[in-house]
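Read the single chain below, which is given as structure tokens and is the form predicted on its own.
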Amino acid sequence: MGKALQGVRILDFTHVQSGPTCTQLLAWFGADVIKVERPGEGDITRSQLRDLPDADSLYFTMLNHNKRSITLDTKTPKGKEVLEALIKTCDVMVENFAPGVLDRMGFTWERIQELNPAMIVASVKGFGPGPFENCKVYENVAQCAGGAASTTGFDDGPPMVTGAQIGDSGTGLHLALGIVTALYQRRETGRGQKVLAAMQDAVLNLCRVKLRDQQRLAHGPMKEYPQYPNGEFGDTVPRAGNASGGGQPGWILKCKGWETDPNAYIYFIAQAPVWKSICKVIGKEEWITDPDYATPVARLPRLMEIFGTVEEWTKTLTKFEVMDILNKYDIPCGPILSMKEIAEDKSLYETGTLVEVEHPTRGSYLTVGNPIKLSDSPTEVTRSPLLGEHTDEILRDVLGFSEREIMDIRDSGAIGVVERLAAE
């Protein structure tokens, strides 16, 4: 069975997280991703946060599956020659350099178009055009500049960033969609184009409900926020603790064992259609007809009291027991799962959401599989490449260089010393 992106070749000039997230997703869907790395060093994450002294870090391995690696010093004449050949034969170049780096390398948009008019050049940048365009941006900077931090946390505390990598990985996912869209349009036009995903833009897109609420403020207090009914609203969207961003009243509640287990909690939603069932489950059937609780509007100023009462019930049961009971009544809820609990969930392995991968230098490790499942393009997660592992293979099979030419390239110092598999 063929892969969705089989036949598409990606020139991967990315590093760290945002770009590799994008190119890994394309590789999972069958694209041939050729990762270009600096001789002797490679992607900085190969050594960053390393847990084993002589092996690529998990940071690198978990972001670079299904790719091929070629080492290349593009400052040398031979290295530049190889890069030009790669541009001519690839469909897409993906880069997340600092602004202006590609131009200084001599590969402006105009030069790339000369070499390959059908080339799509996809870029991750921190900010789009504007006053901050040339600023260096990392994950947490993007979360702050995109509106996430100012709306995360509790109202009586400072802004907070989230553990989800919405700045880096979130932008990579946006860029992947842009690339696939550009490839689709190229079928009609025959032309390449530039694709830009700015990290600030991607985070803001994920925070659109908060931009919605910024506009709602002009028409009175937002009644689903915990600040209501005290009227503690200023001129900007406040931090809402664990309130739902979708308008459904929700909160995180303690469960049995919360005193010693930091994750003995459950997210509970007091959804209107199942209000009667909620009242019966927690032993407050009088609330069904009580005018102070019977309707969603009446409940709004009493939400924190309601959650407190529900919590007295949830504290008598484990989060999984609570979930079992509530799901019988279609009451929306979800346990707070630790990374340890997720890693031990066998059902996630069965769906390919979690995958065990063998690596020649670090052994077996656990990684996240493709989160997007296509029925006709199943994903097989293969290990990340060693530094420069596929250099000769790419020079020979992709670019068509002879053995003599490959030797000349090697002698020129353009590809450095290539790592070999232990089996060789």
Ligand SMILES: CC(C)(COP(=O)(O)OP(=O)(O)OC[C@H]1O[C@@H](n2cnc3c(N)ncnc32)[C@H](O)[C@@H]1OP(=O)(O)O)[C@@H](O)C(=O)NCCC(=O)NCCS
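This one's a predicted model, so the numbers in the text were calculated from it and none came from an experiment. Each residue number is its position in the shown sequence, starting from 1.
The same protein also exists as the form predicted in complex with this ligand; that form is not shown, yet it is the one meant from here on.
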request  = Using the pose of this ligand in the model of the complex, placed onto this unliganded form by C-alpha superposition round the site, state open if no ligand atom is within 2.4 Å of a backbone or C-beta atom and blocked if 3 or more are.
outcome  = open
message = Against this ligand in the model of the complex, would residue 137 count as a contact residue? Criterion: heavy atoms within 4.5 Å.
response = yes
ask   = Quick one: does residue 37 come within 4.5 Å of this ligand in the model of the complex, counting heavy atoms only?
value = yes
message = Is residue 125 part of the interface with this ligand in the model of the complex - any heavy atom within 4.5 Å?
response = yes
message = Is residue 97 part of the interface with this ligand in the model of the complex - any heavy atom within 4.5 Å?
response = yes
remark   = Heavy atom within 4.5 Å of this ligand in the model of the complex, from candidates 213, 73, 201, 91, belongs to 73
inquiry  = Under a 4.5 angstroms heavy atom criterion, identify the one residue in 217, 294, 252, 105 near this ligand in the model of the complex.
reply    = 105
ask   = Going by heavy atoms within 4.5 Å, which of 65 to 73, 376 to 384, 353 to 361, 394 to 402 lines up against this ligand in the model of the complex?
value = 65 to 73
